[in-house]
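This document contains two forms of one protein chain, each encoded as structure tokens and listed individually as structure 1 and structure 2.
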Structure 1
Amino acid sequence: MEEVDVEPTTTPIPGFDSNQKHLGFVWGPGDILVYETIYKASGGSAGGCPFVHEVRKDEDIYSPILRKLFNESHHIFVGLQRIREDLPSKNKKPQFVSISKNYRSVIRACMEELQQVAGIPSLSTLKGFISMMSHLSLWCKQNFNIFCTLFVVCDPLAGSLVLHLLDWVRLHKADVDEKAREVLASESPAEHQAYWDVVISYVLQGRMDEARQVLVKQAALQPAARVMFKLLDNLLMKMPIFNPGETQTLTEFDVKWRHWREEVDHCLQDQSFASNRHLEDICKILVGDEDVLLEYKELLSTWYHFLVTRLLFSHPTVKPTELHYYAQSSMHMFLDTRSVPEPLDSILLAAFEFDIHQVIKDCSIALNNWWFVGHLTDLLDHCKLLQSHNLHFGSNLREFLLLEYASGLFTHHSLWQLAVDYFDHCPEFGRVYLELQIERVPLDTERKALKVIRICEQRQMTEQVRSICKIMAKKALRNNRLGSALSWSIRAKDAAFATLISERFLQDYCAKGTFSDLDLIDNLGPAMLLSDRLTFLGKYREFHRLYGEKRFSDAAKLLLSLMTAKIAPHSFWMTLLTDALPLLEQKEVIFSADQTHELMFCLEELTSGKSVPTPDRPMQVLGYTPPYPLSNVCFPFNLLIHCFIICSNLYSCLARG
């Protein structure tokens, strides 16, 4: 048996004592149903608990804000899949980078909204709880950025790495701007208690211009120390920042940077800032003094901020391959030796080591849904950064994660539509998953059914289309909507069901003497050929229409052909023969001699059969009142009358010659 990576978590079921009772469970697609079993450990039978508990793995999916994330990222995902395979990789790279930027901006919007919601104090506890819940996954959503940066952008120019890292850190610690606004808006900014925090935070994030702007306030207040402020301002201004857009080479930058660094060092040794502790600290930060940096742990708040600041001031030209070394040491320096790094920390560390598989694995364990790993893996796979890593179950890693994510979406009453596109882009098992899931979408309205059918039709899933149409037909039949049921079974091309419904129509006709749903039956068109019984229904109705329009000879011809071509079911022949009576009794001759012969033949065939059904419908349907009370006469006599009338018709035919 394989080892587990982490201990499984225990979910307590409220009101259930596991010492005394037993639980049973059933897997669902995204959640499990848990119930109490009757079986008892100590024998005897106790009344079972009437509750079935639904245990959900993923609560995030129900958060309205994260739903926006799901929808928007779906859009980006599909865009990514459409980047053509055959494009040369040179052209693809900018597209991938823009895709990863799109993901980032979506995440940023979602984050901002979450922060807004969390910031409103009058929030109900429930909402607060939800935002707490999503915080964990949010953490990683933020860090989507850094993974994208590290893995996708991955600029070979070493100098730009620090810039990307700085971008990422600024996103994390966006609260400094908020604080700065507050300070600057106060009456005397320089005396605000958070004043120095703001200045130093800016410096730590490498935002020198902002830091200088705030510093000016203090300088104005202390004219005596103007020289000192001027000096620091100068140092901050002159700090070289690598700009990959310019033609400057890395060596040139390095020379410039060393030069500046010496200047700062010089100032420190001169004790130029000795009279002001804050200014001296800033200066020490500029030379990357780790002890001073660690004094500002509060402002840095995380070890990776510490790492980035340290790189900025000590190793601005760090190469991606060296990153993990600094990362590890930064983490150890920043965290207490006693405290154990959290799982999220180790994920980041793995990311800095460019161990993609470790990152994905750790994220899968730490997060409660597959959004993050699914999209990340997909993006990396498109960038060809993921070695094809075939699993011993399912397909490859990308497909496995996407399938999990999409299956989760499918369990949602509303987000299931998004999942379809994810399944589409899982070449190996996507279709099977979709086929199994799509049939299980609850269908309340025809409109929803039509949407589901459209999804299936676009993917040539004929079997599923048929099954959904059949469900709808059954539903209509249960509600006594024969017309609707027939329409659905025609759409499903379900001959057996169409036959069944046609039977119902004929039965209704026999019982009531009129057809219902004429608008449908009169307009069957070629759909009539779906089943023999349906053809008969359509044709028989056509006979009625012809008769109603007094086109007797056409009607007679059709009636006869229904029997001779064996379209009519035998059980219905008696009715058809009875329908022939009023035609036979017309003043002019309608049936020719040949036709009358055929009619005789039909009658004979009917009587030779063992069980001859009685015509069980009223006779006045065609406006014909029989000369004899037919319903009262016994059956053979009934046939006799038929015989007689047909013979007399034959006679008149012959007489006219």
Structure 2
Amino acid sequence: MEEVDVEPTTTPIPGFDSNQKHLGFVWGPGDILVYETIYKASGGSAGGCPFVHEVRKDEDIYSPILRKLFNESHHIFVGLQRIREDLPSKNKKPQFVSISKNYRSVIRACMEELQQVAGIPSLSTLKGFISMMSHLSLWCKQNFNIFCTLFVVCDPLAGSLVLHLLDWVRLHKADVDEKAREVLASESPAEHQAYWDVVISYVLQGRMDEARQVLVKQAALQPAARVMFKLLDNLLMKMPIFNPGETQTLTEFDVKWRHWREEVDHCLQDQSFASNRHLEDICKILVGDEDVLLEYKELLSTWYHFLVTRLLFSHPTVKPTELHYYAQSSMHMFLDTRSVPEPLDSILLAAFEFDIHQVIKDCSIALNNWWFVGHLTDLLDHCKLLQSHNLHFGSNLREFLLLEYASGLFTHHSLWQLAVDYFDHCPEFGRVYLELQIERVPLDTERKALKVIRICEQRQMTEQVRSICKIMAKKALRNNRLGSALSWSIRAKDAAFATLISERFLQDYCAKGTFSDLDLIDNLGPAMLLSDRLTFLGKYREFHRLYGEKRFSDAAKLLLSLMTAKIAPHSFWMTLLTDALPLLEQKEVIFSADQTHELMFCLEELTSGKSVPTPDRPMQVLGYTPPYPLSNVCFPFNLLIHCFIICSNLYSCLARG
């Protein structure tokens, strides 16, 4: 067995002392039921705790805000799968970049909503959970952005990397804009205590235009230093930024940048800003003075922000292959020697080394659900950036992570529908997982059952459809909803269960004298051929309809065929013979001689003792009142005699005619 990369976390169970009692558990689809046993740790037994605890694996899916993230990212995922494989790489890359931006947008919206909810007083009891979710979303947002920047968006050539890293930093250090609005809205912005923090923060992010606009406020208050402010404004304005979209080559940019750097150095050597410490610090930042940069740790806040600022002012044309060297040194310079690197630090270092598999591994350990690694791996796999290799415990890495994520979704009462599409796009094991998981969906309502069946039918999952229909049929039968039960059994093509329900219909008819769910029985169509008993039920109902329409000849013919074809249960023959009495007493002759002979033969077979029904329930007769009380226990035999006399007289008349 392989060693685990990290020690598994311990989940405390309230009120349970592992030193005193044993713990029992039962695995579920997405959780574990834990209970205290009656056995002591030292042997013997004692009274157990009456509580059963539910330990959930993916608690995040129960957050309403994160459910929005799951729903919206599902649409992006499906759109990514529709990108045609045969398209040239140059045509697919813009689509992949667009997909990555869509993912980042939904993460950002989720994070903003979590931050808003965290400020609602009425949700104070949930603040711990909301704070954790907000931190998690921020973490996902930072990582997803940098991974997409490095692996999907960024050009492998030098020059454009720093530009993308700057966008990443600006996205996650948006607090400077809020602080700038606060400063500029004050009565005297230049005298605000956060004024220089705003200016220097803009410079650290490479936002020179914004820094110049704020510096104007200070220059207006110091006319004597106007020349000095003008000089710095000129340096900020002239700072070259490489733009891959322009016609300028990398060599031309490098020459221009070195010339600008020499100009800034010259200003420092001339001590042009010696009389103003803040302006001098800004000038030193422009030349990439690392000591000065480290003085503003609070404004940089993270070592990777320090890395990007350092590259901007010292190595603007850094190549992606060189990035990890600067990342390592920047982290060591920024962090205290006694501080322990966090999981995010090791993940970012792996990303800067372009070690995609290590990134995915570390993220899987650090996060408590598979949403992040599943979607990231899927995107990288479509970009052909992930080396596809089969895992010793299943399919390739992409499919394994998507299967785990989708399996977690299936434990939720509504998100399970999203999981179906994830399974659909796992070619090796997705179908198997779906077949196993779809049978675990709680069928609370018929509407939900129909939704599950539609999903199964679209994928030709015949066995699952039959299983679901059988479950619904049994549930309807337990609730005495015979029509619904029959409908589900027909859909399941379950002949045995359809026979059982048909018997219940016939029993119900004998007890009440009427059929329930006539619409269903009248429209059985070819479905009545599923079983003999169902066929009899449908045809017997048709006999009633013909009799009601006064089509006595057709009704007599059908009634006789039900008896002679042997599809009618023998216990029901007495009812059929009773139904024949009104037809026999009609003024016009309904039964022909042959039909009368067959009717007498059936009567003789019934009275021969082979199958004599017991009068355990009253017989209902169509429009006919027999000459004997129904309560008379001898009524069945008296009725047979009466029927025999009528048939004999009729047969004699027909014979003479």
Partner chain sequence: MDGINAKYVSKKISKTRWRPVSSSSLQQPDIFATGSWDNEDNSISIWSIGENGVSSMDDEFEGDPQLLCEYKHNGDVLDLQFLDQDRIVTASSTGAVTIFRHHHNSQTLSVSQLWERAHHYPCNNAPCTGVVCNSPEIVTVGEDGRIMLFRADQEGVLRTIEMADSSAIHAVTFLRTTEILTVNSIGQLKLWDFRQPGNEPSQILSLTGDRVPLHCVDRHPNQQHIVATGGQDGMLCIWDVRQGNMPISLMEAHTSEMWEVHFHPSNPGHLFSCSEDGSLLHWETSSNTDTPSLQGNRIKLLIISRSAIAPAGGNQSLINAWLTGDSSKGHLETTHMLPSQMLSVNSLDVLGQCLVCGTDGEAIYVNRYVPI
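Only the largest set of C-alpha atoms that superpose within 1.5 Å between the two forms is called the rigid core. Just so you know, these numbers come straight off a predicted model, no measurement behind them. Residue indices: 1-based, along structure 1.
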query: Number of the structure representing the form predicted in complex with the partner chain; finding: 1
query: Core-aligned C-alpha movement of Ala185 between structure 1 and structure 2 reaching 2 Å; finding: no
query: Core-superposed comparison between structure 1 and structure 2, Thr575 Cα displacement 2 Å or beyond; finding: yes
query: Yes/no, Ile285 Cα shift of 2 Å or more between structure 1 and structure 2 with rigid core fixed; finding: no
query: Between structure 1 and structure 2, C-alpha offset at Val589 (rigid core aligned, Å); finding: 3.7
